[in-house]
Each structure stands twice: as C-alpha cells, then as structure tokens.
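Encoded as structure tokens, the following chain is the form predicted alone, with no partner shown.
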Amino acid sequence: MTELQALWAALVLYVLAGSLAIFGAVLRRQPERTVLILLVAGLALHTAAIVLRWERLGHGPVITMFEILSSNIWSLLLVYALAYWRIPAIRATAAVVMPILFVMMGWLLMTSPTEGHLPATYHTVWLYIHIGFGKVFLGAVLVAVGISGVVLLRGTGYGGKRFARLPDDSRLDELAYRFMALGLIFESLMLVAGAIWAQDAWGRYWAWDPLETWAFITWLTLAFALHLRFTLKIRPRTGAVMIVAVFVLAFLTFFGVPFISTAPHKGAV
C-alpha cells in the first residue's frame, strides 16, 4: 500500500498546484512559487511510488495501462516543471496544461493497479530508450500546447486581460514552435530506437502494425506543421491550432491505439 499512498498523495499535490494556477489566471494573480513547490513535491512522491513498484515487480512501468498512465503523468509533469522553472514567461500556461493532466489523472484513478506479466520481448534496454525518447517528445509538445492555449484564449474576450502580461503572440508562437522542433527531434529518436528494439524483439525493424503506423503519421503531421510554420509564416493563432491538432493525434496514438491494436507491439498488455 505504501506505493499507492505515495501516488495518491502526489495526485493531490498536482491537483492543488493546478487549481492554484487556474484560480491565479482567473483572479489575475500568479502564485508561481507555490505552484512550482507543489509540482516538485508531487513529483518527488510520484517518483517514490514508481521506484517502489519497480523494485517490487522487478520491471519498469511499461506493462499495464495503470503503469503507462502513471509513468506518463510523471514524465509530462517533469518536462513541464523544468520548463516552468527555467522559462518564467510560460508559467501562466499552467492554467491550460494542468486541466489536460487532470483528465489523465482521472483516467488513472479508474484503472486497476494490478500487476502485469513482462513479455520476453520487453527484456531489452532499447525498450526503455525508446519509451524515454517518446516521453520527452510528448512532454515538449505538451509545453507547446500550453503556450498555444494561451494564444487562443487571448483571442477571446475571456482570456485577453487574464494573460495580458505575457509576451505578445508572436513571441509565444516562436517559443511554442521551438518546443515543437524539440519534439520532432525526440520523436525521430523514438522511432529509430523503436525500430532497433523491434529488430531485437521480433526480427524486423518495421512492420506497419497499428502503433508503428500511427506513430509515423504523428511524426509526419508534426513535421508538416513545422514546415508550414517556417515557410508560409502563418499567423500565431493558426499555428496554435496546428499545435493542438498534433498533440491530439499524439495523445490518441499513445493512449488510444493500445486499446484497439491486436499486434504484438500494442503498447499495453
């Protein structure tokens, strides 16, 4: 029970941090230090929960949907917390990012924390390299989504004044696409590492199974969004919509395809 108690405590701290960020945006006050402290404390407890489960089961959080959701919430918040700490200009985006993570936390609470069996094909370091690159990719795109959400909200009567103190839309757009470019690098590395793992596990680098296919479609969509941004000089709001579309596609690839895939490479056992 210790690992579950640490996880639930971490989720409570995450919810407190997100709630403060949302109320701060509504009231035009930014309790940035408190939000960061709560995020860091939550990450510390969450790390302890993952480590305790890893030691007990003898494998990382890569098997069941409970483990996959837990580890992705952890990695997304780790990437976002680092960006929040290092780039003060984006701290107000927590009001956009945290509700997205609340959805994942609610989903986590509805899944069973039962144990899963580690397939023989998962006994390779390339699995963890592949997954690690994927987590950085999704985290970078999440930061970009938070920035894009602010750009889109500022185009409405509701968000114009509440996010007025942030840099202008052009500056935010540039920053968001820097994170998208980082995401493209790490998704490319994810695909390469995944191909190496697939060769080691199943004797082929690529087989166009559902998860591989949709991961490649996500890569193409991300590359296309970056190409449009830098060649056509589109407006920040249009760029923001494209970023949100890429994130939705990536999210469905990570957490939707495993439910319908029947291939060996299905993402959740």
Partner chain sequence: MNGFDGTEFMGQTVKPPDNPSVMGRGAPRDLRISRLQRALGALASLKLTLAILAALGGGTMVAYLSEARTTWALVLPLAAFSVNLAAAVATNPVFRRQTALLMFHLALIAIVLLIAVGRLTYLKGQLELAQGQVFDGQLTQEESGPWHPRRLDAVRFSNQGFTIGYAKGMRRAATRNQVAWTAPDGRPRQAVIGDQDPLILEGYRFYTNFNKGFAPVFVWRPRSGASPQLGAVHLPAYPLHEYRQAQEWQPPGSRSPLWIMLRFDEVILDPEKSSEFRLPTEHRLVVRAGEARRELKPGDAMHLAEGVLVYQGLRSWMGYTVFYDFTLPWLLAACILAVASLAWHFWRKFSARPWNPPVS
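Positions refer to the first chain, counted from 1. These numbers were taken from a predicted model, which means no experiment stands behind them.
As for the form predicted in complex with its partner chain, it is not shown, yet the points below apply to it.
Shown alone here, residue 29 lies farther than 4.5 Å from its partner chain in the model of the complex, counting heavy atoms only.
When its partner chain is considered in the model of the complex, residue 58 lies well away from it, no heavy atom lying within 4.5 Å. Taking the partner from elsewhere, residue 233 is found to have a heavy atom lying within 4.5 Å of its partner chain in the model of the complex. In the model of the complex, its partner chain stays beyond 4.5 Å of every heavy atom belonging to residue 163. Only one of 40, 241, 220, 52 lies close to its partner chain in the model of the complex, with a heavy atom inside 4.5 Å, and it is 220.
Using a 4.5 angstroms heavy atom cutoff to its partner chain in the model of the complex, none of 23, 64 and 111 count as contacting. Just one listed stretch, out of 136-144, 68-76, 190-198, 93-101, contacts its partner chain in the model of the complex at the 4.5 Å heavy atom level, and that stretch is 190-198. In the model of the complex, the residues of 195-214 lying within 4.5 Å of its partner chain by at least one heavy atom are, in order, 196, 197, 199, 200, 201, 202, 203, 204, 205, 208, 210, 213, 214.
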